[in-house]
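In structure tokens, the next block holds one chain alone, the form predicted alone.
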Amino acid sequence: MMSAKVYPAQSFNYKSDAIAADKSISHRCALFAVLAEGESKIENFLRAEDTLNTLKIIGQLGAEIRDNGSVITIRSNGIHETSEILDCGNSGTGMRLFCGLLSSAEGHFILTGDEYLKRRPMKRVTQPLRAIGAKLDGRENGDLAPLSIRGASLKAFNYESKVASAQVKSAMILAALRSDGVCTFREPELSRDHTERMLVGMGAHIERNALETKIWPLEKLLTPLSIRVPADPSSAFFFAVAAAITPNSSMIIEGVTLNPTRIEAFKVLERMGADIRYDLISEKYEPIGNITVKYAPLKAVVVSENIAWLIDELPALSIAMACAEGKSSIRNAQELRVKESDRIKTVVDNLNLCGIITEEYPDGYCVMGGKLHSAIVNSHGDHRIAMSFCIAGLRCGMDVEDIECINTSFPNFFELLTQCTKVKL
């Protein structure tokens, strides 16, 4: 098991266009290219374990893939049955979206993943898909991988989700595209909307009205993608927090998506007192621009709304809360329990090791801002926990155990960390 020792940082001012490409969009580029006619061209695809696994799977399903090092070209040949096991690695996004894509494909398919993914719940996707005719099964009655999928004819649906989850919504939209009629999907609050934006940009007939999305079956194959994947705001947020908690520091993050459903964590950091500016540069499938973050003393904040928009950034936001004045709290975030780790427990336990007073709730926790102390913390195989506590180490020094998982989403994380902060590992 690999570990990293992070030392306290001095002030820094840094500009970067090398933040990891957006993971969510990269997954979708590979998956949606399968539904297109002709060649999709994807620049700046995230070359991390999770997204490369998704790319490998579409190749196993019959897509032709060429990679010249800067542009990945994907030509779909339809979806073909394979005798190979389709390994999603650590990616819940990959597994859940493939459930939606393959539910109506001709053939039999097996999805699996690593030891952590095999423990993550899948019934939130398999259950609604079964209700519209999908033939899905797995351990614990379809709740745990490996999952078995036999493509079937899917019925039109009118589905109301109990959770705001972009993964659930995306799986159901993919199923709806090849159902026998117009489908309606409702969610309790708006989750990330990359799927709708990208598919509409490719020619799909999808209409959204507040929390209701209507999807029409495809009448023909979609227009191929031609896209440069923007920087991932979830990855960028680690460096935003680094600047916000390090006196006299600033960070300019270039070429990041400014999608409102993806920058909520930055908005919360603003509410805490950080100086943040957004500069829009272009807009096609996604609004893209630069984000500038400057240090300022932080104050406590209550986070209980738009949780689906910042669920992945909450571990890093918790580090900012630990450095803020006063008592911060996170509620309505029970979704954290079923991520790569139980992120409520891992955040609370690791903050306690760092001398920060916390209180754990079923759906979140509170953090009493104070002085972080150096500690030995464990990521429990969770990339966002590992990176969050590396950022905490910029204040006090930190030993972070089990860091291999960082490669699933942000392979150049440590390279950027040492470049911008001059910290030696």
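All values reported here derive from a predicted model rather than from experimental measurement. One-based numbering along the sequence shown.
Keep in mind that the form predicted together with shikimate-3-phosphate (S3P) is not shown, yet the notes after this line are about it.
Partner contact region in the predicted complex: 157-165, out of 270-278, 133-141, 157-165, 322-330, criterion any non-hydrogen atom within 4.5 Å of shikimate-3-phosphate (S3P). Only one of the listed residues (K294, R228, R124, H108) places a non-hydrogen atom within 4.5 angstroms of shikimate-3-phosphate (S3P) in the predicted complex, and that residue is R124.
Out of the listed residues T93, T261, T213, S249, T93 is the one that sits within 4.5 Å of shikimate-3-phosphate (S3P) in the predicted complex by at least one heavy atom. Taken together, the three residues E196, R208 and E286 all stay farther than 4.5 Å from shikimate-3-phosphate (S3P) in the predicted complex, as judged by their closest heavy atom. shikimate-3-phosphate (S3P) in the predicted complex comes within 4.5 Å of no heavy atom belonging to S409. Contact check for M202: no non-hydrogen atom falls within 4.5 Å of shikimate-3-phosphate (S3P) in the predicted complex. Of the heavy atoms in I311, some are within 4.5 Å of shikimate-3-phosphate (S3P) in the predicted complex. At a distance threshold of 4.5 angstroms between non-hydrogen atoms, E335 is in contact with shikimate-3-phosphate (S3P) in the predicted complex. Contacts between stretch 189-217 and shikimate-3-phosphate (S3P), counted in the predicted complex as any heavy atom lying within 4.5 Å, involve R192 alone.
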